[in-house]
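As structure tokens, the next two blocks hold two forms of the same chain, structure 1 and structure 2.
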Structure 1
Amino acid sequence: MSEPVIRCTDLTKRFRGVNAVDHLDLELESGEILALLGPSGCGKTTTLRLIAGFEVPDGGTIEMGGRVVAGPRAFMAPEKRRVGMVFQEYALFPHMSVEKNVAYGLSKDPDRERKVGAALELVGLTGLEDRSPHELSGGQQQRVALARALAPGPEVILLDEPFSNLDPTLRGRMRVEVRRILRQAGVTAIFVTHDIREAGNIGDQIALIHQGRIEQVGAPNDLYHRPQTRYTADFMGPATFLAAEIEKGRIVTEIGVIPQHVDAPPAAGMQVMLRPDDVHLHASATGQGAILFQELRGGFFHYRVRLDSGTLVESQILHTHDFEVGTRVDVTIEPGHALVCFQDNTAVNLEPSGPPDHSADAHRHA
């Protein structure tokens, strides 16, 4: 097991008495791309700035390559940390050409010309060396910022909301580009975002931050389908939480038994989480509910159904299932994977008893 590139332990930062970062623990393996995801004000940017060395922690330690760079008795200045930073507004030096910007971190390097050329080639800007930053498009400016941060060969590169200043069409393209560049450079990266799609597209791992703490770390798919808390479940996308109880190793809800075996004692007062894609609808005069709302999203219809009990259920199905508002429908649950049950806003550990329905790790809960 190699030493993590970055390890934050019990990291705390207070602003005006409020814990912006609150006893946060984080580890990052070499070459990994981690997305710090969360709403604005959750402490994700502060975490990034603490790692970069622009803020001094009020508690806890930050280690880089096994060495403490910030802690109770140590603080390493940002210029000594070998951490590259890409800022939200890129922070290109307006009085320097593209080439001078990229060369800025290589002042004492005898090999600087070659490294500048290599960095610019990596980001696809060869030939624009003499431009000044204001002559570049937003996407090009971001490439310069990346090249500048990568040129000195940092251990880690930090990106603060890297796509928020790009227009939506460019954003999609740059996501793919940035991931390619980071992969190609083989660098360990942390980036901050409030956009779930961005986090999932670029990050190998997502760390969801909530009120200065890490709510859950995992692969993007894990966070969506296997949230450990109601907060994660809600943040990652729309979901219906249906009242459920466990009876004879089965999850029983008002719309029927869920095809999933669980090895847990009988329990009541739980909620099972249904993503819209887990829920299927069939027109039926004797159905359990009626369509309340219909919206076309690309190739899918998004429906909201009111069950006769008054419960609302969300469903997303192919556009070929076109039901008008008011149509009576049967609601069935066809997840294709294990579902997660919650009790008191926390996921319940449900060990599988019978053969798993589809994937073996679907029941892994922390």
Structure 2
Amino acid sequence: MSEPVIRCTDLTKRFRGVNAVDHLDLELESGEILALLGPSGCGKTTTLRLIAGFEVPDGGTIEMGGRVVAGPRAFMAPEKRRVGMVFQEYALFPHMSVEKNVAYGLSKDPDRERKVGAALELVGLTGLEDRSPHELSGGQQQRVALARALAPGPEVILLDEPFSNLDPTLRGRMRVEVRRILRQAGVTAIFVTHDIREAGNIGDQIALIHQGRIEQVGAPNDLYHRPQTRYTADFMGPATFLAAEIEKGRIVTEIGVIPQHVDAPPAAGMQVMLRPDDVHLHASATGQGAILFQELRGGFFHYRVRLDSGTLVESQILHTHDFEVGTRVDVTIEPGHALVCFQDNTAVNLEPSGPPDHSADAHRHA
């Protein structure tokens, strides 16, 4: 296996005695796009700033391309790390044209004109070289910032919440556009976000950060459907946790039996995790639950159902299944993939049954 482009080992950063980044380990391969995902204050932006060289770690090491750029006996300045940075505010110079903004980091490069032209072509801004930043849309300004970061040919691009200043419609378009640009450039990238959908649409891998540590790292579909902890399960989206009994080749719950082997002995406190799309509803006067809440989300209805036992279950089904609040329904489990069981807030080992799950691409573009 080739040397990782970035390797963080036992990385630690303290502010006023509190570990903002707490013994964090992370590796990133060449050409990979990684999303650092988590709530405000979890340490994701501090991690990005440590990698960029804007902060000095209090412990651990950072390697880039096999070289130690930060550690107990080494610290390489940001401008020497071959890292491009796209800030949340874009940080464009208002008095400079698009061309001069992109050329800013290439003042002594004899090949400056060609590199600027290539960067602008890559981000689709050819012909706008003489425009001022205030004459551009928010999406165009973001692409100027990305072109400026790409023009020097960095090993790594770092993006700090790059879509937060855009309206929701433009944000959706720019997710697709930025991923295309990064892929076409073949650059390794890390971007910070608190938006689960954004992380899943752009990142090849997601590193979910919790209190300065990585809770789980993996493909978007793995974190959604195969979380290793309850924190990951809850953070990645709505989930229902049903009491479950583990029997030979099946999981028994109050709303049905799932034919699946679980590699764990029967034990008290076992729960099975259901995402809303795993749960299906059918109107029935003799059903075991009633609709408590309905919300239209695009082409789907999101429902909350109260079972006769008092358990609350989330379900998301096509808009053609329009049930009014109070409607009695049958509730069934129809996942089409292996489910995860939890004991003491930690996932137990699973042995999937049935056909493999091919839903990763569908979730990326959902």
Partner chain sequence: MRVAELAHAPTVRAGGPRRRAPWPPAIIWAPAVLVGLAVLLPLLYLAWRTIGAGTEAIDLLFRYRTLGVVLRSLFLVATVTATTTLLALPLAWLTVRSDLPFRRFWSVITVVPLVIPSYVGALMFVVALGPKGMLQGYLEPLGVNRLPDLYGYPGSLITLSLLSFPYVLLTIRAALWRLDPALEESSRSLGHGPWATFFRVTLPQLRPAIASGGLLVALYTLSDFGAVSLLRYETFTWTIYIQYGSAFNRTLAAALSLVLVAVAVGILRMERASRGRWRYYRSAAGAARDPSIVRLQRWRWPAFGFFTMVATFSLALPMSVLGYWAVRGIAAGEPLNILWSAAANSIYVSALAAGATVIAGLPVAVLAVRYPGWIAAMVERVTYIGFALPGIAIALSLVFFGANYALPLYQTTPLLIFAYVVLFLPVAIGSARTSLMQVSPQLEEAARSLGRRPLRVFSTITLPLILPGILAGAGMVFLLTMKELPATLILGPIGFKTLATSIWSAASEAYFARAAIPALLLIVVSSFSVALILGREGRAR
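Residue numbering: sequential along structure 1, first residue numbered 1. Only a predicted model underlies this, so the values are computations on that prediction, with no experimental measurement involved. Just so we're on the same page, rigid core means the largest C-alpha set that superposes within 1.5 Å between forms.
Trainee: Which of these two chains, shown alone, is the form predicted together with its partner chain?
Mentor: If we ask which form is the one predicted together with its partner chain, the answer is structure 1.
Trainee: So that I can tell if residue 262 moves, could you say whether its C-alpha shifts by at least 2 Å between structures 1 and 2 after the core superposition?
Mentor: Passes the 2 Å threshold, so yes.
Trainee: Honestly, after the rigid core fit, is residue 94 moving at least 2 Å at Cα between structures 1 and 2?
Mentor: It does, since the residue 94 C-alpha is displaced 2 Å or more between structures 1 and 2 after the core fit.
Trainee: Superposing on the rigid core, is the CA of residue 74 displaced by 2 Å or more between structures 1 and 2?
Mentor: No, shifts by less than 2 Å.
Trainee: Core superposed first, then measure: what is the displacement of the CA of residue 286 between structures 1 and 2, in Å?
Mentor: It moves 2.6 Å at the C-alpha.
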